[in-house]
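Okay, so here's just one chain, in structure tokens, the form predicted on its own.
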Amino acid sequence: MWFLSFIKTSIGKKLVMATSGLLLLSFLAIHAFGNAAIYMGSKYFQIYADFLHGFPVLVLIFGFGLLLIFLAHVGVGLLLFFEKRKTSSRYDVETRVVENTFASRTMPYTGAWIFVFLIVHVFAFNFGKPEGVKVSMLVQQYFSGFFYSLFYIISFIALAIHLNHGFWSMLQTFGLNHPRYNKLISTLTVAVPLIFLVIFGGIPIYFMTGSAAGY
């Protein structure tokens, strides 16, 4: 198959990573927009949740497609990781000079943490959801607990670190590298992860500090 031949090349793997990363980032942006309704109160968040579950077939198709994109991102990411390790063992000095930021060095580990988080999160809010309990109430129940809230915050810190390098790498792969835009790109590589961290990471803080008294 042409696709298998394509991803055997370095540019092919990078394009798959960049494209799947862009699609996952788009989903994250939509998810952040919906989750922001939590700050408006349980009524509005429940409206958002009911709207989504009002189209079960579309949700199933979308979820399956998202799973395939995520698996492609993880699978190709692992291939690149092991290829880089093999290259590093041969050309140790040259490779170390290329990428030396904390975010780039920890990509496999932040990615692994995010993977574990997604398994726990999906199970908690989908397969582990008690019968008859509204999603808005389940949110309050989980985020009123210290350990899940801490796990959630750490997970989005890991995501922010992952995105700090991943967002930059994606733009480079798509050829968005020009002296005129590099300052903007550098700003976005910090701003985009921080926006997601504030929106998602702020949810458990919102509940645990008592700010959600009227939720």
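Throughout, we count residues from 1 along the sequence that is shown. A quick note: this is a predicted structure, and the numbers were derived from the prediction, not measured.
Another form, the form predicted in complex with a small molecule, is not on view; read the next lines as being about it.
Though the small molecule is not shown, can you say which of 205, 192, 25, 199 has a heavy atom within 4.5 Å of it in the model of the complex?
-> Selected residue: 25.
Identify, from the list 46, 35, 149, 169, the residue with a heavy atom within 4.5 Å of the small molecule in the model of the complex.
-> The residue from 46, 35, 149, 169 that makes the contact is 169.
Using a 4.5 Å heavy atom cut-off, state whether residue 120 contacts the small molecule in the model of the complex.
-> Although the small molecule is absent here, residue 120 would stay clear of it in the model of the complex, with no heavy atoms inside 4.5 Å.
Flag residue 115 as yes or no: does it have a non-hydrogen atom within 4.5 angstroms of any non-hydrogen atom of the small molecule in the model of the complex?
-> It does: once the small molecule is placed as it appears in the model of the complex, residue 115 has a heavy atom within 4.5 Å of it.
Quick one: does residue 74 come within 4.5 Å of the small molecule in the model of the complex, counting heavy atoms only?
-> Heavy-atom contact with the small molecule at 4.5 Å: present for residue 74.
Flag residue 138 as yes or no: does it have a non-hydrogen atom within 4.5 angstroms of any non-hydrogen atom of the small molecule in the model of the complex?
-> Residue 138 lies outside the contact set for the small molecule.
Please name which of the stretches 183 to 191, 157 to 165, 49 to 57, 36 to 44 has residues with heavy atoms lying within 4.5 Å of the small molecule in the model of the complex.
-> Contact criterion met by 157 to 165 only.
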